[in-house]
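Consider the single chain below, provided in structure tokens and representing the form predicted on its own.
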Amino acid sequence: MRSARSKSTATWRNWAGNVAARPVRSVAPASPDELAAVLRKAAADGLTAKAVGSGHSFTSTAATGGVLIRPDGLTAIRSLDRAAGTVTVEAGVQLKHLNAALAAEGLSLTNMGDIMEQTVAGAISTGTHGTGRDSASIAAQITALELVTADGSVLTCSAAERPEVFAAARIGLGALGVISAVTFAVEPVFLLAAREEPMRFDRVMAEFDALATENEHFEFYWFPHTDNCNTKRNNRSQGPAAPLPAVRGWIDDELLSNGVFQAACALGKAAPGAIPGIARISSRALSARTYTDIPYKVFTSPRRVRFVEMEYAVPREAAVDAIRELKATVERSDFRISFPVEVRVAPADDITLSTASGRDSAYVAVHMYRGSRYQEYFTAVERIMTEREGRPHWGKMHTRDADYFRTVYPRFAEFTGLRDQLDPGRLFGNDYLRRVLGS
């Protein structure tokens, strides 16, 4: 067996630039056996080991001073089973490549988030999700996992095989082992009719339950310092396909949502007093539009403006109250917020540490331009959400610890008990996991 490809050590940074790590060595195993050998050697050398993806987490969940496992050696699509409706891919496959490969075969995931640069393993391990009335996170679409554990064992798990591992490892935070492959449920490709339109804040709040119930996928963005929102409703369509014209798509998604917005954020950072005025202009920049296309071209969008983010999942029935309090908090403060607040929904699922575990949820995400002062704003948001038993997104900024999580996750002890079995020596430990899971 050939050894995993090694790379000279250098500082690893995440996409936002707020997390850095300097490992002893960096390797890119190209098979489960190579990955197992990497883990056994790390343990023998007294080092920790962590797998990284594309770095889209805002927390240090993947940071290590030991062995950094890069994703670029595990990028194969292993199999596609049309009869079973499944695809098995290796952990380092990026979602953009998976989406394109599935579409070429006339297939699709049922739901997805809006960022395609993430690796499969990175996206599921931190609980990446989109918005959906009936369809849940990417992790909820998994039918089987291949996991390499601390002792070098290669475990396969599913609802029928090692179900206790399957329940936890679908959103495992990198604490139970290193994922080497994932099997997703897929379906024949379908069309989504997208309807995006501005709407006043009070109307969105009054109609929130109806909008979330009557549409397969509903989300909205509220622009702080204004009463303006942009709503998005995506529903399955019989067609015909009517994609956005190329020029309109470029103007909206590249020029306005990235290029002009980048300039507006930079101006706001230099002159915070200008932000409310900029927000009023930004909130009116995107006009209503409708189009119909295959799922990943509707669900996903380019994100080139770099930021830091906090997101909390609250019980869906608490969403409107939480969002109203957030708006009131911003209005009576001297915060200057250039990014819109994003709100999405998800049905309850059965994953141990999913933010939607056991309850229908609404997600409230707040952002700040990279390099801006975010602490006071995020602290205020966190207070609002934790008062409503909010669960922070595992890959986004928060200050919660294991004591808090024991109170909002009924199955928390189930996860930590499994961790004790699979990684008693804490090969996969780091400061972040010590804080959120305990010792």
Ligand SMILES: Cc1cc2nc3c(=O)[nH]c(=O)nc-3n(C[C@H](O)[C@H](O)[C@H](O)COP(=O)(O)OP(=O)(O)OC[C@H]3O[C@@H](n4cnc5c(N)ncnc54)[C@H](O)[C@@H]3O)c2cc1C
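Since we're looking at a predicted model, the values are computed, not measured. Residue numbers here begin at 1 and follow the sequence given.
Keep in mind that the form predicted together with the ligand is missing from the display, and what follows is about it.
Heavy atoms within 4.5 Å of the ligand in the model of the complex: which stretch among 24-32, 394-402, 368-376, 39-47?
Every other range fails; the passing one is 394-402.
Closest heavy atom of F58 to the ligand in the model of the complex, within 4.5 Å or not?
Judged by the heavy-atom cut-off of 4.5 Å, F58 is in contact with the ligand in the model of the complex.
Can G113 be called a contact residue for the ligand in the model of the complex at 4.5 Å between heavy atoms?
The answer is yes: G113 has a heavy atom within 4.5 Å of the ligand.
So in the model of the complex, does any heavy atom of G177 sit within 4.5 Å of the ligand?
It does: once the ligand is placed as it appears in the model of the complex, G177 has a heavy atom within 4.5 Å of it.
Quick one: is G53 in contact with the ligand in the model of the complex, heavy atoms, 4.5 Å cut-off?
G53: contacts the ligand in the model of the complex.
Could you tell me which one of R195, R303, R284, R200 places a heavy atom within 4.5 Å of the ligand in the model of the complex?
The residue from R195, R303, R284, R200 that makes the contact is R303.
Identify which of I142, A91, V343, A356 has a heavy atom within 4.5 Å of the ligand in the model of the complex; exactly one of them does.
Contact check passes for A91.
Select from 108-144 the residues with a non-hydrogen atom within 4.5 Å of the ligand in the model of the complex and write them out in sequence order.
Read in sequence order, the residues that approach the ligand (within 4.5 Å, in the model of the complex) are G113, D114, I115, Q118, T119, A121, G122, A123, S125, T126, G127, T128, H129.
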